[in-house]
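There is one chain below, alone, in structure tokens, taken in the form predicted alone.
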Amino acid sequence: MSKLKHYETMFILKPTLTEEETKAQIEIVKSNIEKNGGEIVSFDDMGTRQLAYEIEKNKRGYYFVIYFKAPANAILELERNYRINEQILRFIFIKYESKKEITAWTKMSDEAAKKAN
């Protein structure tokens, strides 16, 4: 098994989804991470926010951040799943490599875990 690396992903869902549909989309993303050998450490539900610019005629979006560990080859498959999903307006993956970055990642994921409880 390849070494697990530290990642953060943020994605923006369409604001037109109902609460149940939004939760279902978030669960789909979480299960995709776990299916590809990832381990979710924490997540931050940021809620609906104003977008900096209009995306696909949407002025608002539902923001969600997940902190996870996964093998490097899993990211390509996760990106492919994000691109296929029409409910996701935008997404980003951030990889943390150096000790300083991993320390910051740990701090952010701990804060997100506290916020979730």
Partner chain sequence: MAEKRKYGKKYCKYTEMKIDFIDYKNTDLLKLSMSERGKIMPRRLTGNSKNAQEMVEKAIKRARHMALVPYIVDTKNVTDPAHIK
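Numbering follows the first chain given and starts at 1. Just so it is clear, the model here is predicted, and its values are computed rather than measured.
As for the form predicted together with its partner chain, it is not shown, yet the points below apply to it.
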{"property": "Non-hydrogen atom contact I40 with its partner chain in the model of the complex at 4.5 angstroms", "result": "no"}
{"property": "F68: touches its partner chain in the model of the complex, heavy atom cutoff 4.5 angstroms", "result": "no"}
{"property": "Contact of A52 with its partner chain in the model of the complex (heavy atom, 4.5 Å)", "result": "yes"}
{"property": "is_contact(I94, its partner chain) in the model of the complex, heavy atom dist at most 4.5 Å", "result": "yes"}
{"property": "Complete contact of E27, E34 and L78 with its partner chain in the model of the complex (any heavy atom, 4.5 Å)", "result": "no"}
{"property": "Those residues of 4-35 which, in the model of the complex, come within 4.5 Å of its partner chain by heavy atom", "result": "E8, M10, F11, I12"}
